[in-house]
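Next up: a single chain in structure tokens, the form predicted on its own.
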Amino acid sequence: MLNRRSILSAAAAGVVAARAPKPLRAATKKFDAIVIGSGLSGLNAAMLLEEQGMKVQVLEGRNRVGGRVYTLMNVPGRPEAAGELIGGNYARMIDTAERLGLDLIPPVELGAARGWLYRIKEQNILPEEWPSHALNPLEGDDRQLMPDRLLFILAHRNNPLSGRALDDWILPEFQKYDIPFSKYLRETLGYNEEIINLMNVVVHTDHVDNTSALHEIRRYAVGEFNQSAALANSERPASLQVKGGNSLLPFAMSESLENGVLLNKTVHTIDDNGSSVSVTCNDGREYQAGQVVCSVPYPVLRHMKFTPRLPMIMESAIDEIDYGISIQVHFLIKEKFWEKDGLPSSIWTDGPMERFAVLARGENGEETSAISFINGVEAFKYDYMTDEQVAAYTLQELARIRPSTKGALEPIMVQSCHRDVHGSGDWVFWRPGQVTKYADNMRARHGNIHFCGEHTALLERGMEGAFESGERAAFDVLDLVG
């Protein structure tokens, strides 16, 4: 098995080979604007500023562009490590992709190719057995709901944000929901602990106790809005992907920039003297501009120095706000193990492995690879393992609960946004009380420094939220410089 560094380098090289950026001009030291980070938010800000005649340079700490949008080109079927689905209502993102000549197609999701085998409390349960199974904690018609759908369906019931404007979630009237999600599920919706424990398996934070109910119900309200908008547009599916991989979008965006993106430029210091801003990277190079747009996630900002210091409320937010954690282990399928035991190929479990899915991403729907996907509190233990140990542990756990998998899988790579020092997580989540405390303080500029990233988005979430925030930061720059 390759080590993590060589694997990630190879994956990045695969993306570059798929669509290589044009050669960069020699970097200059003075620009109208510097954008830190080449995720969708930073690239969108850079494109908009350049369209208005500004001289822009994008600096990226990684050896690739795209941030959390990362197509694993070296894995069969090219699964998306993050940034998987483009919502049908992602107007900014769709418009950018179409303007750059990319084809958008219906998605091939990272879901179970041949259905789930549920393993709950160490018992294997087939989908047809679940409605009448003794371990099913639901009542009435809800007993028909499969475990993997409980969070998405039950948590959205009687959603107080349903039908409201997308930015209403920060209004004072909704602050009463800025409480532990588990408390909301228990006291407001009336679910018992067994139901809540099953819902916790796919909560993309660290635990239902530690995420704000207001953050979670906003997620489902935004999803409802996007689905309704997509249904209203009969010509467009509810979700899309870029043909060839979503990473082709940030690569096309970087290609469109006059100065492209400078890679391996980890920024550690930003000094604003009032008339210009100096940005210093770990390689010792310094870049100057009149304005800086910073799209760096909060956990990464903790390690950057600002002069003058950021406002106390923002420093507090940077120290406290976290991103979701997850571990993905990708496998080649050497044998169709599900043909040996006659069970569904994929596994959804309340145990330490959480989800294992066989992916059918071939042109004719054939199985291409498999992924073990662990998020939330279970993912923390993997921080103490090397990638080789992560793969070995996952194979051991699979063989324990599904003996037919022994010898049938070969590890390809381990992918984790929260193990990436430039990412530190999948996407922002708000702990109880943080929406009330910080939501109105995420978008303010600091002198000539402007902040974007999906963690600052007001309307949308995910990739469209990144586009929205980059657009807002660019407009703030243009308003300031006149």
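Numbering starts at 1 and follows the sequence shown. Treat the numbers as computed from the prediction; the structure is a model and nothing was measured.
A second form of this protein, the form predicted in complex with a small molecule, is not displayed here; the remarks below concern that form.
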Answer among 121-129, 188-196, 163-171, 297-305 for heavy atoms within 4.5 Å of the small molecule in the model of the complex: the stretch 297-305
Considering non-hydrogen atoms and a 4.5 Å limit, which listed residue (M54, L59, V435, M47) is close to the small molecule in the model of the complex?
L59
N159, S369, T266, N259 - the one with a heavy atom within 4.5 Å of the small molecule in the model of the complex
T266
Contact test, all of P76, G245 and F251, partner the small molecule in the model of the complex, heavy atom 4.5 Å:
no
Hey, in the model of the complex, does F331 get a heavy atom within 4.5 angstroms of the small molecule?
no
Evaluate A213 for contact with the small molecule in the model of the complex, applying a 4.5 angstroms cut-off between non-hydrogen atoms, and reply yes or no.
no
Answer with yes or no whether A82 is in contact with the small molecule in the model of the complex, where contact means some heavy atom within 4.5 Å.
yes
Closest heavy atom of C417 to the small molecule in the model of the complex, within 4.5 Å or not?
yes
